[in-house]
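Let's start with one chain on its own, the form predicted on its own, as structure tokens.
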């Protein structure tokens, strides 16, 4: 297990945050599918960026809420105008199929109205009037300057899920995209600027790990909103442990489990499993990493899963016919995943479907399935790629225990079973997202999206992002002072 953690996890988990590689003055982005350079730029000056943001914040926070909402709606319209260009950039820069990049752009657009509704519901002004005690009011204030550290796997949607709620609440935003996906981040930022949100209120701040660390530690930053790997999230949390004044929202990864119990719907179950394990080439924080199967269902369900996985096309983003999966983000990630699969094989795993890399010079990987039931110590890591581990169990309590056999706690799903069994699963599964007869991927952003354990710090994004973008202020108010001391006077 130690060998797995030290030689494989760093690349296989593919640290999606700001501290993952050596920094350099030039930030260069290359297409995973071809290796061709598509973007080059200079790293930002952190002090200058923060100074500019602090100057811009008072005027932005003083804008009426209706004005801020109107401006983010204009942003959604700018994204609509640039939808094809943005989708093409995402597909080229991440390697995901064009159809999936289009779906990501739709998520960016839809996030605006979701965030407006969420702010109105979760951060609304409330008053409780009393004739003698005056008024008790609850209002919300923005934190100030928030830095959003974005991942590469959804380079527009996931940072946008922080940016839009933060702007609505009256914060100014510094957006540092992943150094692996700056081109898509820059295009997203330009949509905000064309909508009338100034380049000081929503700053695009490219950089590498050094810039990410500097933003986190900077005294001029009031909060850090992060989506990425657990390793990076833990680093951020540790660095800010002595700074309770800073808002820290961490949305991290998962070693997510799917449980398959009694069901006659084998084809549907297999489809949910394959979608959950291999969508985005397994590069989703909610992707299914572990499949826990009732022993009596094993042969039937695994036959369906393997047959469907064998049919999946993996290829370049613009290939025809369209692929289901693109490459992983880079060769380092592909190398790490290959090493991890070999580790599982050499420590008791039995391959159901081997991991295949057709070209060693490019990061294309086939979907892979491996039975790890008899492994003595299964590594509890997030393998950020298309590797599904299968575990057989004999009873339902064992299935729940295996679901919880992880330090993570993002998503869990149960397929089949009775309503009573699902109720037991829901009550006992330690995860922030618990589904029944649904996959683990594609969580609704009209609901909270987050986890426990190493998957988050109890600051879910999605609909609940409004909660960490503004803080409540309680005010006891009377038009004239009125008071008396009724006891204890001479």
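Numbering follows the first chain given and starts at 1. Values in this document were obtained by computation on a predicted structure and should not be read as measured data.
In what follows, reference is made to the form predicted together with a small molecule, a form of this protein that is not presented.
*Asks:* Sort through 95-103, 71-79, 352-360, 223-231 and report the only stretch with a non-hydrogen atom within 4.5 Å of the small molecule in the model of the complex.
*Replies:* Of the options, only 223-231 has residues within 4.5 Å of the partner.
*Asks:* Which one of 209, 170, 409, 336 is close to the small molecule in the model of the complex, taking close to mean a heavy atom within 4.5 Å?
*Replies:* Only one listed residue qualifies here, and that residue is 209.
*Asks:* Consider the chain as shown here, without its partner, and state which of 149, 249, 202, 399 has a heavy atom within 4.5 Å of the small molecule in the model of the complex.
*Replies:* Going through each option in turn, the one that passes is 149.
*Asks:* Closest heavy atom of residue 291 to the small molecule in the model of the complex, within 4.5 Å or not?
*Replies:* Heavy-atom contact with the small molecule at 4.5 Å: absent for residue 291.
*Asks:* Considering non-hydrogen atoms and a 4.5 Å limit, does the small molecule approach residue 163 in the model of the complex?
*Replies:* Residue 163: no contact with the small molecule in the model of the complex.
*Asks:* Does residue 177 reach the small molecule in the model of the complex if we count a contact as any heavy atom within 4.5 Å?
*Replies:* Yes, residue 177 is a contact residue.
*Asks:* In the model of the complex, does residue 112 have a heavy atom within 4.5 Å of the small molecule?
*Replies:* Because no heavy atom of residue 112 falls inside 4.5 Å of the small molecule in the model of the complex, the answer is no.
*Asks:* Does each of 302, 340 and 345 have at least one heavy atom within 4.5 Å of the small molecule in the model of the complex?
*Replies:* Looking in the model of the complex, the three residues 302, 340 and 345 all stay beyond 4.5 Å of the small molecule (heavy atoms).
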